[in-house]
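In the structure tokens that follow, the same protein chain appears in two forms, which are kept apart as structure 1 and structure 2.
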Structure 1
């Protein structure tokens, strides 16, 4: 019995140990240190000059940091719109491409491809499209839509970021929805059709409730991705014009790495972490309650 326990512990150590070690070094220790530094005044360079300031950073954020709250409001608006738009578009694409179309494999690949392109590179591509491509198309066709200053005003830059994010993310969510549709019981759908259920009723009463686990996953992924959006913000607008399109992640980056206020930046990052965690956990809890078994 003792040898068996030793053998089990040895196996767990061999298989779980390296992963746990990397998790501790890369995630756990930096998180604990970050939590400590959020209560200090530190420039990020000299660790001996990390002076403990207690709640001063949090007090400054809540009482004297308008840019932080403007970034938070921008991020909330961006998240709500992109989460809805991405999931609606992905769901509709999945409905179409789950059917036995001859070109469905090609179309699935085409819609999924934007997700493969890295965010920084994708941002530079769309920066060229907004500044050069759209202008040329608008000049040739006369359509005012293409002649808008897409990255030049707060309103158009906001919608430009939304367009790129949805374009990049919808294909990945589409694949998850297609996988969910593939696992639906065909006899249940056929029985509903025989009973006279229309497509709208079939969608509302069977398809959506049955793919609710996929909706839970897709909502979680899109909410967390939208809140953490940084690379597109960096390459497309750099938070501009001014700071009108500065996301919360970009605000934290600017505070810590540009202004060299690592203590204040880390305090913002901790607030950001707990806020996103609370929102995503609540979303998962709410959508999990709506899931049904086949």
Structure 2
């Protein structure tokens, strides 16, 4: 009996120990420490010199940090537009690729391809396209749309980020929608067609409700990646012109790593955590309720 207990304990340590150790040191401890540092004037260097400043950081954020609230507003607008645009495009692409097109395999590859390249690279590539490529296209075709100073004004830079994000993410969501369509019972669709359901009706009453689990997933994935956008922001607009396209993640980064206000940065990062949790949990709860049993 005793031997068995020792063996159980040993197995638990061998199997779970390593994972538990990495998780605790890399994720858990830093996360918990974050709550403490949010209330200090930590400068990033000396942990022991971080003075407890109580509510100072929060007071500063809530009363005297316009840029933070601007970046929150920017991030919310960006998230709403990209989430809708990405999912509508992805859904349509999946519907089209569900038909027996001759080029469907290669098209699936093409639409998915931007996704395997990181935001850092894509930001630089599109920086070139917006500043040089579009300009040449505008000169040649005469469309003034292309000759806009794309990264030069707050409005166009905002839309520039949206274009790149949608281009990058739509293919990924498309793949998930394609898988969901493939899993639909064929007889149900046939029955609806025989009953005289039009395409719009088919879409509204059967396709959308039946792929609701996929919609839940895709909304979750796009909302969390749009709300946490950083890489693209860093390399496409650098938050500019000025700080007009600064996302929340980018604002936190500059506060801590450029201004060296780690305490304040941590406080923002913790608020960021609460915002992300609130938004994604609400979304999953809302869309889960709409899921039907197949």
Partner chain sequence: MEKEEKYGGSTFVMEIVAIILGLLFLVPFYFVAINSLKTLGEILVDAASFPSEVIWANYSKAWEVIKFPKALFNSVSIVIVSVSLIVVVSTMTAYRFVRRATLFNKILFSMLIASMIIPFQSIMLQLVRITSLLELRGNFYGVVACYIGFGLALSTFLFHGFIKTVPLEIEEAAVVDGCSPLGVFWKIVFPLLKPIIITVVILNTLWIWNDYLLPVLVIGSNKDLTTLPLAITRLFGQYTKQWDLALAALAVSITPILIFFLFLQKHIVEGITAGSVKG
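Numbering follows the first chain given and starts at 1. Throughout, rigid core stands for the largest set of C-alpha atoms superposing within 1.5 Å between the two forms. On a predicted model such as this, the values are computed, not experimentally measured, just so you know.
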**Item:** Which of the two shown is the form predicted on its own
**Value:** 1
**Prompt:** By the 2 angstroms cut-off, has the C-alpha of residue 278 moved between structure 1 and structure 2 once the rigid core is superposed?
**Reply:** no
**Complete:** Shift of the Cα of residue 17 between structure 1 and structure 2 with the rigid core overlaid, in Å, rounds to 3.3
